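Listed next as structure tokens: two forms of one protein chain, kept apart as structure 1 and structure 2.
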Structure 1
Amino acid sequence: MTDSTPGGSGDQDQGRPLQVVLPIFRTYWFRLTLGLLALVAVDFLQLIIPLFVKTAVDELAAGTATSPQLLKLSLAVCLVAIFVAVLRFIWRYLIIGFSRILEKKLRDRLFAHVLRMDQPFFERYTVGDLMARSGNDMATVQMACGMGLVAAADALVMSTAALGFMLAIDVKLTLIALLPMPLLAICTRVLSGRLHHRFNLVQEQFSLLTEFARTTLVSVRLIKGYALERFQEGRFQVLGEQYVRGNLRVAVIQGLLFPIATLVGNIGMLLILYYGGTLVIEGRLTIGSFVAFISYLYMLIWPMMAIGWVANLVQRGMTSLRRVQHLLEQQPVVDTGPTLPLPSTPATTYSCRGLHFTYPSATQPALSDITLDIGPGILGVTGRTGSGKSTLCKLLLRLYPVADGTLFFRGQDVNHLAQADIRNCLAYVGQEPVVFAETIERNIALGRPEATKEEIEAAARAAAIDADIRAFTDGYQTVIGERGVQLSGGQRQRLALARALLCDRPMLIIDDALSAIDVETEQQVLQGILSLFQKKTVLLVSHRINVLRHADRIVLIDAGRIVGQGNHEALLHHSFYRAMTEKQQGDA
């Protein structure tokens, strides 16, 4: 893997970012070919108009022009203009439409890739950064592959054809018009290099701004609770000012490219007016040819200006494409070799054999020498805060990598099994329940979208939340808002539990997900779990003795090690478990 730091040097050092979009270009080559042919046709039709003007001017100067002849030339110009309008619509529809298709396919690929990544990836990249790359960067790539492609092709065809017509009129006059061109090439090369660096910084600043806005809006109740509105406004303003300053530095480069291109074109025009006018005075060039030459030179000024614009679009597009490519090249740390079929053992069984684990950013192990068998029944897990209970759950969910020969699922090393096969056997309820701004029904049916209304309601009753749901005006069709703002903490936990129960998978992992539920409701929930998970495996992480009493076996973890296991009565001999029991009984 390359540089793993978001926006780090690895973003610039990736090779061949165009490989990301070339397959899409190959797929739509016919559409692009038609669009480019229409574009070329427009350019050549525009080049014909000065020839009509030249003919009219020369006839007028010679005194041979007649009204019918001028009318024919005028109608020819109108006819060409109509064809230009039709063909311009065609190339815009085909090429600009292609750029939108490319943007969609690239964004779909990036979204699917991000969903396949594991937990270490999301610890390196913020949501704001991912949103910036899938939004702002995609728009920049689309612009480069749309209008950038059009401007580049148009400039190439127009400049080549215009030069050809100019050479046909007068070779020496054409060479004089091209004298300022090296100045434009040098300035474009120097400014484009600086533009790339500055635009990359702007994109990184946009990522920071997006992430700050997201975290603030998500935590808006906490912000209001601490009266931090003005403080957050100030921080947002600082980030906004940094983003504006970065954009202004980019605008300086962009602002120089266009005036320099225009200056070069006008210098050429000045030279032509002097030298070409002299040729007309001396009779070596007709007035019509001189007017046509100036028209072609004006057509050549647009490609000169387009060089700066295209360079700007291409540099910005390549910068954004490298950022997108950098994400696409990231690979999950939790990787499997050649996958084996999932063992068909009826009961889900995990086995840990000397399991060790240390978080990537930590120096001390979170788990050490865990040897444990997890089979049918209820296994309770408890211990001090930070002892490694949640880490064990994450490893069972295959969110982090483990060494070969330390974790087995149904007797097979997990590193030889497909992650999806393992996860399809698990249902999980975490400490912080995740709910979406959808209806309650859709939230519960997340794991089984095809579930019937009766099945959803049965899962809600088992999680002791059915009565709470029916208390809402719209019942199961109630939209609960962003992060379940309409629900209490206990209701969110029970809703998440109902979602897991509805999946009806062989193993259920509950990571301290009953902490916000009162004792009476807690017992109802436990009874619902016991009724639905008979002969299945339940791993229940909790600090509550009333919950742990239901476990067939309890594992006590301290500082990442198993320091005791057995039923409730057996663990009373352990000082920590006994102290926890006595305190909770005293509080009761």
Structure 2
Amino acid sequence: MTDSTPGGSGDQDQGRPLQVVLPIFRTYWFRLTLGLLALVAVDFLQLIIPLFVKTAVDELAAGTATSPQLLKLSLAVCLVAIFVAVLRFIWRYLIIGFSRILEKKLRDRLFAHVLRMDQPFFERYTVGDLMARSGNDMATVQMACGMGLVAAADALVMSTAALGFMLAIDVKLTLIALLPMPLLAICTRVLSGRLHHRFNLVQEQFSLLTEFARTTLVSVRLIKGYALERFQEGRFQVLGEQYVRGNLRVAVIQGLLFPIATLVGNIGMLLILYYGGTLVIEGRLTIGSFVAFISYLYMLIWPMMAIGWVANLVQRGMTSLRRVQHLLEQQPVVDTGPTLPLPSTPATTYSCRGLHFTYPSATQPALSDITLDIGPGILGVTGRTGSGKSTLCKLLLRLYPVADGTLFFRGQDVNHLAQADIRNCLAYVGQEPVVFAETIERNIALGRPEATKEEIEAAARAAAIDADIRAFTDGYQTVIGERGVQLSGGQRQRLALARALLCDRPMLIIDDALSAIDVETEQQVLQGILSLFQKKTVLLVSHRINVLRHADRIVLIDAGRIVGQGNHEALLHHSFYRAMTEKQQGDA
């Protein structure tokens, strides 16, 4: 994904992203040290092998080599190779394992943090953005802390040691061999930077492709309805082609990287062959040392490439870490400061006093100057679409911050109460009911997982969905969702209602959640609610006169303001309400 984020530069000015991962490093220091020790041991063992080769070659050249001696040397090389294999396994397991643990801890922390955030946060960060941060960014951090760490340590040890051995053989020869190395480091740095960039693009293209496939498949009925198969197919092909092109661009760089490295390495070899060869001819260098020297030179090529690669990995890891840290630093704005205990004996459940509200992304207020007492009893809320009814419900649910002294729960300013305490007193059925791909039973018991079978069935009966559920083959154990039973709009609404009723909280908020239910069932549902909430508080948002009639008092909202209040008869003076009534009676 791109590095641009909502809030723009905010991500870049953060101080110390490392603070996020350091505690995890500290916790696992023993494992890391052990892993790094194994890594260093592997490097040294690998450096020993050329020494054996040198001895063998020198003996051979001098004509003093014997078969048992050569056998002994080969066995020694074998033994070292076995050690190397075992130790390699150990460091891989320890260090790469560590990076996976780190990734998991960071992802868990991010997930928990995001879940604690409030609605304004979720309007600033899209789901796609959050997914990118918990997916790609975590993977980059993991790479930097795993392979990045390994490569850095490895390159450092290998290059220093190989250099040491080379210097011990011949100083001037070493300097000559090193001449092309900076070129190699620069080439890999530039190329791997390009590689990362192109690779990111490919990843973005891939997520576009999968997202397109996902949305197409999820809305397959809509697509068939509009006969869009051909169109979607074409679009999918285009996205697929972009993905392939992106991958080819990656392949170009990958194809360049290793040949260039070998080329540069071979330039060094050319110089060594010429100058080193001369030294051998002149008798200033043994053939064995010459062969060993060449082996060390090959060992230097990898660290030189690694330096460029690691620099990019670390850079990318830091960028990702900064993006993650930025999220971790966000705090909810709804719950602020210390809170008071919840007052227990309410005169009124909720009251608004001159409540104003503007959505973070909007310029016009969605609610203005709302002064209203809610409950105990049933309060109906109506008004044209977009007038602010759902907004009012969301404020009562404490999803958005409100100004001090404008919203009171049981007489106490909500800003002095814990959001969780208030929410525990509320049951809510939203305008677009959410069902999970779970059994119906678990869907209903969402707010009270410990509820008994009887209680769940009673709630379902009150919401008039019991009969529908029993009609399914598996009854309450029926799984809803993509691969299970699909519910109708009205069934979903009643299921959500049963879920709220089961919670048995002091206040129930129903945001236009009976709209898809037929008139007869609607009355049955309302009876269920009324009997359960006799002395409690119910906020009933609806466009239906037959529903609103059950309310003790009805509030009429228009363009974010209360324009009328009273019982059904009183509100008939308002043209909008009267027109709505006449229309619905006419329809009936």
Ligand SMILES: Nc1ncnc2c1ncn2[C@@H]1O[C@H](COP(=O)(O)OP(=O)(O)OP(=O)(O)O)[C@@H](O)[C@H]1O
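Residues are numbered by position in structure 1's sequence, first residue being 1. All values reported here derive from a predicted model rather than from experimental measurement. Take the two forms, find the largest set of C-alpha atoms that superpose within 1.5 Å, and that set is the rigid core.
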Identify which of the two structures, 1 or 2, is the form predicted on its own. 1
Core-aligned CA displacement of Met158 at least 2 Å between structures 1 and 2: no
Yes/no, Thr216 Cα shift of 2 Å or more between structures 1 and 2 with rigid core fixed: yes
Using a superposition on the rigid core, decide whether the Cα position of Arg245 changes by 2 angstroms or more between structures 1 and 2. yes
Provide the displacement, in Å, of the CA of Arg124 between structures 1 and 2, taking the core as the superposition reference. 3.0
Shift in angstrom of the Phe206 C-alpha between structures 1 and 2, rigid core held fixed, comes out at 5.9
